[in-house]
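Single chain ahead, by itself, as C-alpha cells, in the form predicted alone.
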Amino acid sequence: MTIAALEINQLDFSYGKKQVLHGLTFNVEVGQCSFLLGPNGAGKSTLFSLITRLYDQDKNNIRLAGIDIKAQPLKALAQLGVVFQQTTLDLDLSVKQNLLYHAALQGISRKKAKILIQQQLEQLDMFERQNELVRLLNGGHRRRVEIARALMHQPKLLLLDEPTVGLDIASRESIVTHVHELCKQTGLAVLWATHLMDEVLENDKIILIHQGRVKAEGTRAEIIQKTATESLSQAFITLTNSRGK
C-alpha cells in the first residue's frame, strides 16, 4: 500500500471562538499535482499554516509521508518544501549563495549541495545564472530559484502558495510545465493554492474549499459534471455562491 504524501483527516481549527476549518479531509498522493481552490477567506492560508506548523493544532490530524506532524514535527517537516506567495530570497546574495545557505540550514554538506544546486538549476534552465544577484532577476526567474531552493532537501511534498501571481504569461506557463514534469518524472507530490484556474491541467486533482469545508474533490471534468456546469469557473461559482469575490 502506497503511503500518501499528505493526509488531512477531520481537521478543525478555530481563532478563539471563531471556527474557520470544519472537518477537512483529503489526501495528496505520491506523484500527484493537486490544486487547492477557494475564494478569499475559505481557509487556504490557515490550512497551509497548519501544514507548515506556523500554527499548531490540538489533535493528530496531519501526516506528511505517513509521519504525524504533531508527534514528530522535525521528521515530518523534513518531507516538506514550501514556496510562499511573498518572495523570501535574499536579494543581495547570488542565486548560488541563496541555495547554499538553505542547504546549510538543512544540514546538507557543501559538496552535496553543489551537486544538488546544479541539478535543480539545470532543470530550470538557470545554471548559467547561478552567480547573478537575485536582485537582478525578473519575477519569473526568482520564482524558479525559490522552487529550486524548496526542493534542495528532496522533500516528498511541495506546497505552492499562489506562486505565479504577478508573473507574465510565459513565466507562468514555464512554472506550470516544470512543476507538472517534476510530479511525472520524480514522484513529487504538490499542493498548489491558486485563483488561476487555467493552471489546472486535465488530470490534476482539485480540492475546492469554501467556508472551511471541502465542497468538491476530483478532476476538472468530474467537478464540472457534478455541478452540471460547462466550465470550472462556473462550477466554482456554483459551489461557493461567488461572483469572483
Partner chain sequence: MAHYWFALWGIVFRELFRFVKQKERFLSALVRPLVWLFVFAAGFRAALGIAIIPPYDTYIMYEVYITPGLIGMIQLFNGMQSSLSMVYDREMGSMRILLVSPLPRWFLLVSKLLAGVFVSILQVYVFLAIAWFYDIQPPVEGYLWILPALILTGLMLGALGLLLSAFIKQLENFAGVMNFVIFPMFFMSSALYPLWKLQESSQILYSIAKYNPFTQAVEFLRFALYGQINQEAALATILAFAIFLIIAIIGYNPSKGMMKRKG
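Residue numbers count along the first chain shown, from 1. Everything quoted here is computed from the prediction, not taken from an experiment.
One more form of this protein, predicted in complex with the partner chain, exists but is not displayed; see below.
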Just one of 166-174, 137-145, 118-126, 86-94 has residues with a heavy atom within 4.5 Å of the partner chain in the predicted bound form, so point it out.
86-94
Indicate whether the candidate residues R220, E222 and F236 are all in contact with the partner chain in the predicted bound form, with contact defined as any heavy atom within 4.5 Å.
no
Test of understanding: in the predicted bound form, would L54 fall inside 4.5 Å of the partner chain by heavy atoms?
yes
In the predicted bound form, is there a heavy atom of the partner chain that lies within 4.5 Å of any heavy atom of A104, even though the partner is absent here?
yes
I'd like to check something about T25: if you look in the predicted bound form, is any of its heavy atoms closer than or equal to 4.5 Å to a heavy atom of the partner chain?
no
Within 4.5 Å, heavy atoms only: does S231 come near the partner chain in the predicted bound form?
no
Using a 4.5 Å cut-off on heavy atoms, which residues of 139-159 contact the partner chain in the predicted bound form?
R149
